[in-house]
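In the block that follows, a single chain appears as structure tokens, in the form predicted alone.
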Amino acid sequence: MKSLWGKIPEQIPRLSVLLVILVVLFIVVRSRLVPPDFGKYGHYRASAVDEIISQEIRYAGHEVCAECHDDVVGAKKAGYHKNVACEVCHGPAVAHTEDPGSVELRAPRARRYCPLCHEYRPSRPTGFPQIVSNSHNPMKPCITCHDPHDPKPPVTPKECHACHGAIARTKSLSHHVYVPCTRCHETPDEHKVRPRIVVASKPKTREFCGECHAKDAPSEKSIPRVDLATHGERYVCWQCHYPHLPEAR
């Protein structure tokens, strides 16, 4: 027996002792820290159900709103906010439903509220309505122009704007705001179906921008003019000037 024990590596007895200590520690901790009613109904404390029931009810649920505001609820069901619960914007409504004459729900008017969902973020889906708060009617509450129950934008994003929202927002603040995208880009119909394969074209010659900006161009006098023969040498204009926000350098 001694010879057999002597052949066992010395790490085995040490690990066995450590394992026994961990098992005993687990049993002690579980008996002291795990509530006695844990697991009675499921993987939670049975008393948690009573604690939740005893909490004050503050939210009424959107079904209750339809009892008095059926016209608004009907419009909302047909709009883009159909999956947004009423109390997300109006706050807890139990007190209002119990005494609607005294407790009035308020619509959010602060500029910071709607941008929680609609402020421009590159990670948001293409086509999702987004704005840049600092430039999009910055002094007005959103509900001044948009009906939150049927939030169709005054101008539905279409054509280039639907996919190139960031460029469209930049262009809306530039001197080229009234220049149609198709004035500078040729966009085959196939581009709308396979935009990554069939791409829109860009101007390839200096003379293209010169149609508006050359010294002898038949355009408005207020438009900046350059001498194409000496300005920028061999470079195409958009290699130095960002065309969607063409500030002079």
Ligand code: HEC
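In case it trips you up, residue 1 is the first one in the sequence shown, and so on. Because the structure is predicted, anything quoted here is derived from the model rather than measured.
One more form of this protein should be noted, the form predicted in complex with this ligand, which is absent from this view; the next part is about it.
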Worksheet item: Does S201 make contact with this ligand in the predicted bound form, using a 4.5 Å heavy atom cut-off?
Response: yes
Discussion item. Using a 4.5 angstroms cut-off on non-hydrogen atoms, would S47 count as touching this ligand in the predicted bound form?
Written reply: no
Worksheet item: Does any heavy atom of C212 come within 4.5 Å of a heavy atom of this ligand in the predicted bound form?
Response: yes
Discussion item. Is it the case that G232, even though its partner is missing from this view, gets within 4.5 Å of this ligand in the predicted bound form, heavy atoms only?
Written reply: yes
Practice prompt. Note that this ligand is not shown here; using its position in the predicted bound form, name the residues of 52-87 with a heavy atom within 4.5 Å of it, in sequence order.
Written response: A60, G61, V64, C65, E67, C68, H69, V72, V73, K76, Y80, H81, V84, A85, C86, E87
